[in-house]
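Just the one chain here, the form predicted on its own, laid out as structure tokens.
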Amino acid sequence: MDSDCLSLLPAVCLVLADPKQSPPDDTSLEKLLDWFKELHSQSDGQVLLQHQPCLLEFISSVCMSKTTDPAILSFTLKLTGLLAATTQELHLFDEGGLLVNVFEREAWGVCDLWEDASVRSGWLQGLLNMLKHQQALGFICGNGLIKVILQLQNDRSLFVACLANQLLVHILNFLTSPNMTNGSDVVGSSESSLRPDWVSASSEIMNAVVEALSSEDHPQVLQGLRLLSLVLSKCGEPIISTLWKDVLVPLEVLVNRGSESLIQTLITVLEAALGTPLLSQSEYKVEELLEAMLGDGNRKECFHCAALIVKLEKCPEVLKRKATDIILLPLQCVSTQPQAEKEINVVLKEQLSQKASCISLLMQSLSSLAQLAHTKYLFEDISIHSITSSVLLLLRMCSGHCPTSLLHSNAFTHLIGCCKVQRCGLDTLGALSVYEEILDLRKDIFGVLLDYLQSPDSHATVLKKTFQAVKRWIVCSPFPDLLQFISHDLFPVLEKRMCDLRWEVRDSTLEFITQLTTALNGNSGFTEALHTSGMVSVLLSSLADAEGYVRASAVAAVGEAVTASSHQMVLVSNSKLLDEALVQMMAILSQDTEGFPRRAVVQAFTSWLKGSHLITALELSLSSVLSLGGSDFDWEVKMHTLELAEVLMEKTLTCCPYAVQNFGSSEETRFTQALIKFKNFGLFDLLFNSLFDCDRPVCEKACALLVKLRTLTAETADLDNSLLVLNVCGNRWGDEVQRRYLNKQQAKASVSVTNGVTGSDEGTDCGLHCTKDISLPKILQILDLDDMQRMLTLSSDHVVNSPRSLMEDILSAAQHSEENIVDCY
């Protein structure tokens, strides 16, 4: 393939260099670059430029042209960097001074092209591609390109500015790499071991960072901070400590200034510093800077800063505790009693009196609390009991219940019916379920959650969050009266919600029942309550819901109910559940017009089959499920059906623990019986039909299962093939098998004639042509499954997207363009 592409390369270069031709789209040019990268990596020391002189001519022509297109120039810059990534090829560029002509914009035929952002990004990417050896660094430093890169760091295009930062960090990293310092220890390497222009380059970059941080220009400060955080996270010593010493003073000024627009970036810088040795050395003041950002909680920005510090993975414990105390202030403030008024700072009171800032602060406080709860953080200055009470009070306020003794009436008016705070508060309440110290508040917690479930004003998304919180509290902290709570308090509310006019609520309710049934699987009391409370009837009726999503969730809920009942043997007294479920689910699979419910039905059968209690009960239905699922027009239904087939194979063959050798006759007999059972289920028809399906994932899955089946049949020496004969006539896969069958026999016949063997195979050919029944092992042998599997792993567009196809498209487009010009005259 590469030799074919290389033969087309000169013509492609001529087309790309021709300013009269419309340039290919950016995607095509990027794919062409990818091919060059692959070719370059596989060159094994051969210099591409020596074998393809058309590349040098193309690069020179584009750079000197006065009418070149920006897209082509950008492509050329990237390609040049890629080709100059070895010392041999860079030397070839240097011989004619071509490298300088490419990266010195004053040498271009059209200097105005620099105004195009794609050209500037191509220039930077070209240098990044080239920076793989010392000569490349010498070229960048020796030609004063560092200054240009630093200018681009403040480019109006964010993409160009980010690329410039990456290149600057790469240069600093390269300067301190072992091969640049003659093998000496990187951390301890001295500047004397580096060339003077390299030392000058590193100083120039570091001075630029200091200048940026000292600037009054906000965008310049931002870019300086972004470069600093990149250096801290990507570079090593001595770069980090040297640069940090230089930027410490302007960094302190920025922190103390407390600009809200810089907080996020400053935290990113300090977070990067926490992951370096700077933290352990007090003179670098990393911890002091973070503490200064927090202040004493009296600044507007300190809450945002505290929320960010709480999320840091590596953070000094003292600092984290201070940030935690600050971030909890808004939550405590809303639920504070009048006697604590003096403890609330003026800034916070002012922010809570304004609706937007009040909601924002409380959400920050709640989400930070949830984050701490996920790590089971140990609170010191305030009890988790008090925190949970505050969350409960906040949730009550959001639903319109507020004690008259509360201090901040303004906050209360902002919070009534606020879905954002409700959702955040419910998430936090669920996260707090990990703390055993608050189990005595369980009654209050479930009281608030039930109020939300019963309230007609609860938004659908709020109800979904409420269900999640209820589940977490039930699972994490089971209590003696749990079943009574579920039967008498929870199930009636769920039954009511199943009649909600909003389909999203019905769907969330069913999802919750499914999750709860799964979580309490093995609890016989819950399973019994599910039946005696009438919830099972509600679930079965939901299978006929008008909304497809709800029907799908109902299928999953019924499936889990059947599984739970079978595990507890409750089906003895409720034998109609499985029968009724099967009747309705088969109706959905055969008649439902939407894909989601049909997918859910097949998944339910797969889940049942994975258990050991329902295999016998499902045998009568499996054949229909495999047939309907395999012929469904939804490819995901077909995929789920193949997954069902895979589970069926595994379950049925578990009694046949075959090894490669020493089969016992009883195992072989069981294996044969298992294959006959598969045949009766229609499993082979499913697999062979799916093998030639129009959807590639379906074909891949079927092929993988057939390969597994072929391996098992090949390992069984005395398999009775007469019992495993399949009719190959009258179906799609059979026609394909017959075609391949005859092709192979004709090929054998041709070989026989060539070898002088005649006559003996004539009758065989006729017999093969008329064959209708072929044994399973023979079919698996006829199908070249390994080759099919290899082809299926290739992307569906691997031919269209090949380098050769890409080049042919470029040449074809150019030819059509010329024909159109001729037609114009």
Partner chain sequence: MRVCSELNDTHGPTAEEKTSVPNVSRVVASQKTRKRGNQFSFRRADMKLYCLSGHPTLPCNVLKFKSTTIMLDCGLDTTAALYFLPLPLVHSPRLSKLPGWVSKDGAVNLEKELKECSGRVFVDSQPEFCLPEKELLDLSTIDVILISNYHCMMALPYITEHTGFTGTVYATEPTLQIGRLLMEELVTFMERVPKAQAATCWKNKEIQRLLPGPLKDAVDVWSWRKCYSVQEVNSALSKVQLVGYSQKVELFGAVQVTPLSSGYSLGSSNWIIQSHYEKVSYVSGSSLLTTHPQPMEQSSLKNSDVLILTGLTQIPTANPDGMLGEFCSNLAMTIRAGGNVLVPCYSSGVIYDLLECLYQFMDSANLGSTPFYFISPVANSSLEFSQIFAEWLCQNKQSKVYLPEPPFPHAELIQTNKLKHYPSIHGDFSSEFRQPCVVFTGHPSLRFGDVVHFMELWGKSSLNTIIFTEPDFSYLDALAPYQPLAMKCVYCPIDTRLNFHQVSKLLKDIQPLHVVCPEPYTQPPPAQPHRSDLMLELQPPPMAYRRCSVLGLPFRRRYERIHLLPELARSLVPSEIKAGVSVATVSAVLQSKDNKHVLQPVPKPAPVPPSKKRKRVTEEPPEVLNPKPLLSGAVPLEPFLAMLHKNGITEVKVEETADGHILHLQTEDVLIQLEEDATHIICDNNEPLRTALRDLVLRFLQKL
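Note that this is a predicted model, so its numbers are computed, not measured. Positions refer to the first chain, counted from 1.
Same protein, other form: the form predicted together with the partner chain, not shown, and the subject of what follows.
Here the chain stands by itself, but in the predicted bound form one stretch of 511-519, 496-504, 602-610, 324-332, 496-504, has heavy atoms within 4.5 Å of the partner chain. E252 falls outside the set of residues with a heavy atom inside 4.5 Å of the partner chain in the predicted bound form. Although the partner is absent here, E380 lies well away from the partner chain in the predicted bound form, with no heavy atom inside 4.5 Å. Remark: T413 counts among the residues lining the partner chain in the predicted bound form, judged by a heavy atom distance of 4.5 Å or less. For the chain shown alone, P480 is not a contact residue for the partner chain in the predicted bound form, no non-hydrogen atom being within 4.5 angstroms. For the options Q88, S541, T711, Q281, the residue carrying a heavy atom within 4.5 angstroms of the partner chain in the predicted bound form is S541.
Of the candidates D545, E736, D444, E291, D545 is the one whose heavy atoms come within 4.5 Å of the partner chain in the predicted bound form; the others do not. Shown here without the partner chain, the chain has Q454, P456, D457 in 454-471 lying with a heavy atom within 4.5 Å of that partner in the predicted bound form.
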